[in-house]
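Next up is one chain by itself, shown in structure tokens, the form predicted on its own.
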């Protein structure tokens, strides 16, 4: 098992952790109702996916 030989400094640790962040959720517009939705998911507003009705609309 690999074990570090030296203690990693605070600046090196923090500069490494600065890249560890969450990505923003990507949104596309629904072709039916033009509301923002996540790609490859059914639209929560109108309930369509790939121009077909797949679920009942939420509101």
Partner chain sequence: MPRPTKGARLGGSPAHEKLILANLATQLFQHGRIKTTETKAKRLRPLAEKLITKAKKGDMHNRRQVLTVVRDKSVVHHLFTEIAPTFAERPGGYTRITKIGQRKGDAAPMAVIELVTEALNQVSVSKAPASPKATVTEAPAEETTEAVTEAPAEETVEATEAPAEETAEAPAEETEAKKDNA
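For clarity, every value in this text was computed on a predicted model and none was experimentally measured. Positions refer to the first chain, counted from 1.
Unshown form predicted in complex with the partner chain; subsequent notes refer to it.
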- [ ] Considering only heavy atoms, tell me if residue 50 and the partner chain come within 4.5 Å of each other in the model of the complex.
- [x] yes
TODO: Indicate whether residue 40 is a 4.5 Å heavy atom neighbour of the partner chain in the model of the complex.
DONE: yes
- [ ] Spell out, yes or no, whether the shortest heavy atom distance between residue 8 and the partner chain in the model of the complex is within 4.5 Å.
- [x] no
TODO: Give a yes or no on whether every one of 31, 34 and 54 sits within 4.5 angstroms of the partner chain in the model of the complex by heavy atom.
DONE: yes
